[in-house]
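This document opens with one chain alone, in C-alpha cells, the form predicted alone.
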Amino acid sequence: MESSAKNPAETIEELRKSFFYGSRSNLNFKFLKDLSDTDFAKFLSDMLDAVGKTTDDGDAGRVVDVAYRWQVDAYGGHLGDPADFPHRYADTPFTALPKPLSECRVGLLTSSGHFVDGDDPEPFGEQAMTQKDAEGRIGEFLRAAPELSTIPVTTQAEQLRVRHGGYPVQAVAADHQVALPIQHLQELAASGEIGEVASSAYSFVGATSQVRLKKDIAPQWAEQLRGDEIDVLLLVPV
C-alpha cells in the first residue's frame, strides 16, 4: 500500500503492537504483541485461511479456534519464565470447612469491574468513565489501590454495569453471569447444593496494584466479609 503523510506506512511490528492499548486497542488480541513478526504473520495467514473456508461452509468455529490457539501461544510468551513470576508461592493456605457446603452461607467476590448503576466508583474522580477511557488509563489502574463495589444479590441485570481497562467486557456486559454468577449461586442454593447466598456480592477492577491488594486492602475486605457472616467465598478472577 502506498503511504502518505496522512496515512504513513505501518510495519508488522507496529501492527501487532497496536492491539495492546494502542491505536487499535482490541483486548481480545492484546497479547499478540508478544509474538515475533514471523509468528504474527503466520497468525494472520491462519486467520485469513479460516475466514476463507468459513465463507464456503459457514462454520465459524475454525475462526474461533485459530484466534484462541494463537492467543494462548502469545500469552505464554507474555508470561515469560514461570520461575520469575513475582507472585509465585511455594505453598497456599488451606482451611477446611467447619460444616457441609449444603449448610454454608456463600459469598461472591469478582475482579470483573462490576458495579450497580447509580453507584459508580468513579475511578480517579472521573464521572461516567467509559470503557475506552478505562483502557486508555490502564497504567493508572495498575498503580492505584483497588476499590470494592457492593452489589446486592437482588440487583436486576439491567441495573448492572461493568467497566475494566484490562479485558474485553463485551461478553460480560451481554451476560453478567459470565463473571458475576449471582444467579448460578442462587440456583445452587435453591437445589440445596449450598446453604444460602450472602445478601451482597462484591467486585473490583483486578488490574490494580497487587502489592497494595495483598498487604493492605485484602485484610480490610476480609474483615468486611466476616461481618457478612460468610462461611465460603467464591473468588472469580478475570
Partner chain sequence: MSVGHVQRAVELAGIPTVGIFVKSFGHIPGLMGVARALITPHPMGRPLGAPGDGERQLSVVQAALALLSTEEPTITEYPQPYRPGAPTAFSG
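Residue numbers count along the first chain shown, from 1. Predicted model, so just to flag it, every value in this text is computed and none were measured.
One more form of this protein, predicted together with the partner chain, exists but is not displayed; see below.
Think of it this way: in the model of the complex, the partner chain has a heavy atom of just one of Ala50, Leu27, Ala41, Leu35 within 4.5 Å, and the residue is Leu27. In the model of the complex, every residue of the candidate spot (Ala96, Pro181 and Thr208) has a heavy atom lying within 4.5 Å of the partner chain. Among residues of the shown chain, Gly58 is not one whose heavy atoms approach the partner chain to within 4.5 Å in the model of the complex. Heavy atoms of Gln170 reach within 4.5 Å of the partner chain in the model of the complex, making it an interface residue. Using a 4.5 angstroms limit between non-hydrogen atoms, Trp221 touches the partner chain in the model of the complex. Although the partner is absent here, Pro237 is a contact residue: one of its heavy atoms lies within 4.5 angstroms of the partner chain in the model of the complex. Contact residues in stretch 35-69 (any heavy atom within 4.5 Å of the partner chain, taken in the model of the complex) are Gly61, Val64, Tyr68.
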